[in-house]
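There is one chain below, alone, in structure tokens, taken in the form predicted on its own.
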């Protein structure tokens, strides 16, 4: 590994995104013409890695891609961003991951993913990566990889006191013993309620912030210390049991054209700023600012802002 000192470790997926921009989404059986097609780099893990390094942190990415044209292109792209990809495995027996993304005129999206090589990353593939995990400042994972990999990495990170972040997307049930080893979880509102329900809690009926507050408090009783709920154009909600705080970070009003990758931008910048020593509130504000910039651009990784852009907007808003 070429990175030394503090760094963010991202373990997750890398996909080639096939994007179709259209005025509206088709209904089942309908064809909508007049769209525009682009091909871009994506995958939640790779997106977060790009967001991290562009916001100023040394970044290492571990994943698996196919030994094919898409895989080669993705690795070259990540390396050109300055990300350490020495831990990425090329699998000659399966194709790289692909995502087909529909984006409407309001910037909303519908996504279908063929995970390919991403789902072939297994626990045994981490045997040479223990030092990388142990020496990271922050490690961030998502749910586009196997649960056995998530369990293994968070077990090592917890033992070595590495700050750990789980972005539980796309949602699938997570064993409580795994969740207890995570420092911060970052669900969106829908994922929060699914997690709450999967742990056996009854649905809350209050208004948005009261409901989220009560759900977060329920999750704290399970040993989950910090919960950051991303709310799209409503900002985000933070529940921090360690400091006894709950607060809302307001949305930043922008003209959104493409929400693809916005959540990944938030997570990557959050990890980056925590690795730099920012406290949770400051890191969350930076992440919120970065995501507000990303939604004004098209593409996933191509929309990720650079540190000078984030800092400039942060100063305008908070200083």
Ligand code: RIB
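Fair warning: this is a prediction, and the values are worked out from it, not measured in the lab. Residue numbers count along the first chain shown, from 1.
One more form of this protein should be noted, the form predicted in complex with the named molecule, which is absent from this view; the next part is about it.
Heavy atoms within 4.5 Å of the named molecule in the predicted bound form map, among the stretches 194-202, 157-165, 224-232, 95-103, onto 95-103 alone. Interface residue among 65, 290, 271, 260 relative to the named molecule in the predicted bound form, by the heavy atom within 4.5 Å criterion: 260. Using a 4.5 angstroms threshold between heavy atoms, residue 147 stays clear of the named molecule in the predicted bound form. Using a 4.5 Å cutoff between non-hydrogen atoms, residue 47 counts as a contact of the named molecule in the predicted bound form. Remark: residue 9 does not count among the residues lining the named molecule in the predicted bound form, judged by a heavy atom distance of 4.5 Å or less. Although the partner is absent here, residue 111 lies within 4.5 Å of the named molecule in the predicted bound form, judged by heavy atoms. Taking the named molecule as positioned in the predicted bound form, the only residue of 291-308 that brings a heavy atom within 4.5 Å of it is 300.
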